[in-house]
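Starting off, we have a lone chain in the form predicted alone, written out as structure tokens.
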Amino acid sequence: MSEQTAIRIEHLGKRFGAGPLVLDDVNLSIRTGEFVCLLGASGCGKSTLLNLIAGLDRPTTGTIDVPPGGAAVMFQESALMPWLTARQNVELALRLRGVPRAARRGEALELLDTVNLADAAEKRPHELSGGMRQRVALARSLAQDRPVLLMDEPFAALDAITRDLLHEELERVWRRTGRTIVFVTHNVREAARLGERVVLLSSRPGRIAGEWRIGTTEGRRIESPEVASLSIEITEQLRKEIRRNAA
């Protein structure tokens, strides 16, 4: 892989046991530092593809190349340890990474500051809102210091206003850290709001059914005209894929 390519997927196929193909002949290259949104109807294999990139499962056919440092994964549920404070949850990831004990507190506070949550460092998860818990989960993912961050519908359970605020936070963190991000969503507007590139998967078996590259992403908001326009275009293609699968 070249230094400019963070993830390369070639002729990827996946089936579970003797079941039908979930993914079929997926080919995708993602640049270092790129923000890619994977979009598709429920059950199209988005999360399966993310798990394969993460190394949590193995492909049936084809290959996946990721950077030597691997990938951190952030899921829809924050999955924080309820008996630990926000800082201690982040410190746990640092400890697993091998960061010396004396350095963990300061580094955890820096990471919480990165997600604008330094003031809540000593609060436990039950004292935090859903959006704040997801910020802690993001800081914990960043604490793993992996070159790739995989996000599986991390904001799906949040209300629209909180989700919009977290879009801004995530974009700021992405620009600040330079991470390669692969973000799975079934929300077309979310994909159009966040991604430098939107990749649409067809219904099962999942194949790449369309790609959209966005020239300038800075300053976009969920209500921006360009987001609305792109959402309409992507939705039309998504409907075609759903109709094709239902036929």
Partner chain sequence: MPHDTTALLDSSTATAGADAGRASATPGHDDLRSLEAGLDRLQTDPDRAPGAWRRLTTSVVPPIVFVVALVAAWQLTVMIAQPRPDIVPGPLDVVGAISQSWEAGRVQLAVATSLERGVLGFLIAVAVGTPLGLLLAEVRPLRRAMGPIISGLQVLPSVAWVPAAIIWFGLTDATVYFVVLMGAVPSIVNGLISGIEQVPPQLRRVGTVLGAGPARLALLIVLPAALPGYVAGLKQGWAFSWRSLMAAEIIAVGGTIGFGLGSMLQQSRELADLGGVLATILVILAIGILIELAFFAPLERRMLRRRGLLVHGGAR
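This one's a predicted model, so the numbers in the text were calculated from it and none came from an experiment. Numbering follows the first chain given and starts at 1.
Missing here is the form predicted together with its partner chain; even so, the following discussion is about that form.
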Any chance Arg207, Ser231 and Arg243 all have a heavy atom within 4.5 Å of its partner chain in the predicted complex? no
Though only this chain appears here, would Glu153 touch its partner chain in the predicted complex if you measure heavy atom gaps against 4.5 Å? no
Check whether Pro100 has any heavy atom within 4.5 Å of a heavy atom of its partner chain in the predicted complex, and answer yes or no. no
Would you classify Ala121 as touching its partner chain in the predicted complex, given a 4.5 Å non-hydrogen atom cut-off? no
Within 4.5 Å, heavy atoms only: does Asn51 come near its partner chain in the predicted complex? yes
Given a 4.5 Å distance limit between heavy atoms, list every residue of 51-78 close to its partner chain in the predicted complex, or none if there are none. Asn51, Leu56, Val73, Phe75, Glu77
